[in-house]
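One chain comes next, on its own, written out as structure tokens in the form predicted on its own.
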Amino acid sequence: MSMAPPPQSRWHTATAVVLAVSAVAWIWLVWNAPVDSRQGEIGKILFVHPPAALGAYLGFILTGVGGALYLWRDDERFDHLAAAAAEVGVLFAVVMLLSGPIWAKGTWGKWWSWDLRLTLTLLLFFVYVAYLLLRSFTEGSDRVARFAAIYGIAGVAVIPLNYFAIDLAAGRSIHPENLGGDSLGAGMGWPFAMGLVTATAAFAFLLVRRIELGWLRSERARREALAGARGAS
């Protein structure tokens, strides 16, 4: 279905401003945050790793939501939303998978352990990498877009499994419990909260830019197809 160009310019400015302000505040708060008495400076990855996980979760949830709306409404805009959200989600998942082993090495003395949370995190990453590969090899196919939508919806099921993996492991996970209101030490609440705000702002900024890029690619493909049809006639 044809669509009008999305009015993205005002969202570019708004998300860029929010991202810039929150990033500066986050850096200042993290710089001045107290050093954990047991983990030392490496413990400040707390202000990076969970926010990166939030961005990955947001991306993959929106991939499922966009896919469901595309199947329901047959509107190309929702397909662009799903694809864009998956790309941004995978980017945040890479940050999560890179920061996690660094934190683990400094805290537990080893880079990786095949416990349930880590295994499901890697599975979640590969599920959406496969989603992106599927789309990249068959760009422009409505049939594949519908299949990708179903795949993206099914992939969302891994998110709650990943989040509750510590509980499902019944004490066999090397991870501590999921963060709660009293899990953070004194002086760590604000930098942690600002990390979540900054991750959300970065996610919104990248998502807006990627949606616009998807629309531009679709428009170019339409023009090329139209020019080819005219040339053939």
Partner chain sequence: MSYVIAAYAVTVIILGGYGLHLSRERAALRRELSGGDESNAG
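Positions refer to the first chain, counted from 1. No experiment lies behind these values; they were computed from the predicted model shown.
From this point on, the text means the form predicted in complex with the partner chain, which you will not see here.
Colleague: Does T121 reach the partner chain in the predicted complex if we count a contact as any heavy atom within 4.5 Å?
Modeller: Flag for T121 set to no.
Colleague: Does the 4.5 Å heavy atom contact test between L213 and the partner chain in the predicted complex come out positive?
Modeller: L213: contacts the partner chain in the predicted complex.
Colleague: Although the partner isn't part of this model, could you tell me whether F47 comes within 4.5 Å of the partner chain in the predicted complex, counting any heavy atom of the residue?
Modeller: Within the cut-off, so yes.
Colleague: E76: heavy atom within 4.5 Å of the partner chain in the predicted complex?
Modeller: Outside the cut-off, so no.
Colleague: Only one of L58, V65, V30, L196 has a non-hydrogen atom within 4.5 angstroms of the partner chain in the predicted complex; which is it?
Modeller: Flagged contact: V30.
Colleague: If we check the partner chain in the predicted complex, which of the residues in 56-92 reach within 4.5 angstroms of it by a non-hydrogen atom?
Modeller: Residues within 4.5 Å: E87, V88, L91, F92.
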